[in-house]
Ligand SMILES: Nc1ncnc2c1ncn2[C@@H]1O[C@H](COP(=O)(O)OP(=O)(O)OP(=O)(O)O)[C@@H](O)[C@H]1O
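We begin with a single chain expressed as C-alpha cells, specifically the form predicted alone.
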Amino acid sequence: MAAEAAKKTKPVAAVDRVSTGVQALDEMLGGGLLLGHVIVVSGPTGAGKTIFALQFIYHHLRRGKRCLYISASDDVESVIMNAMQFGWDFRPYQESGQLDLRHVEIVEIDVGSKITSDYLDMLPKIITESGAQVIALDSITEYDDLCKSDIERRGRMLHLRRIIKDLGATAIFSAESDPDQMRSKYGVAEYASDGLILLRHYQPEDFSLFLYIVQIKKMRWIKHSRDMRAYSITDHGIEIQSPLYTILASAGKIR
C-alpha cells in the first residue's frame, strides 16, 4: 500500500521548454516553447521576422546548442553582417561547426532562361542531415510559393514538421503575412505547425500612434497569454513592452 501511495504522489517531471530568445515572450508562453515544436512567426515586411530568427539562434548558440539557420534571401556573409549590427557574432560558431549557416538558391535560371528548382526536395534533406537541435528558416514563404496547391503546401509542411520532431529539434519558421496581417501568405503554414506568433503593425484611427504588436495566436499544449503587446527593435534585438490596452489607456506611453 505504501508503495502504491508513493507512486501516486510522485511528482511529474517538468516538460522541457526552449527559449525564444526574448525573455518577455517566454513569460507570455509560461516558460518558452515546447521541445520539438515547429513555430511560425508571421508578419509584414519590416516587422522584424529575420531579427527574431537571428535572435532565437544566437541565444541557443551561446548555450552550446547545435544550430541550423537557413536563409532564402540573404547570402551567408550578409546574414553574418546583419547579425553583427545587434552584437551577435555568428562567425566563431560557424567556424567551429556548431552553427550550420546556409543560403539556398530557390530557383536556377539556365542560359536559355529556363527556370528550375529543386528546393522542395533539397530543404528536407538539409534539415535531416544537419543534426541540429535548434533550427530557424527565414522564410517558409518561398517554399510555399513553389507548391502547386494548398494540399501540397500542407503535406510538405507536415513532412518538414515530422523531420524536425524526429531530430528532437525545435524550429522557428518566419513567414510573410497577408495584407490583413492575421495569417501567413497562404494561411497554410500555421495550420500545419505547432504554433503561430503574429508580428503586426497597429495604428489607431486618429493616427496618434504607430506600434509594432506581438500576439501569440496559437500554441499547442501551452497555456499562454493572448495579450497584444507592443515591441521595439532595439540595438540588442527585439524587446517586448506593455500590453496594448495599457498603452492606449496611458495616452500612448510605452513601458
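Throughout, we count residues from 1 along the sequence that is shown. Quantities reported herein were computed from a predicted structural model and do not represent experimental measurements.
The discussion below concerns the form predicted in complex with this ligand, not included here.
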**Report entry** Per-stretch contact check against this ligand in the model of the complex, the hit in 57-65, 22-30, 214-222, 40-48 (non-hydrogen atom, 4.5 angstroms)
**Finding:** 40-48
**Report entry** this ligand contact in the model of the complex: Gln85, any heavy atom under 4.5 Å
**Finding:** yes
Query raised in the report: Which residues in 216-234 have a heavy atom within 4.5 Å of this ligand in the model of the complex?
Result: Ile233, Thr234
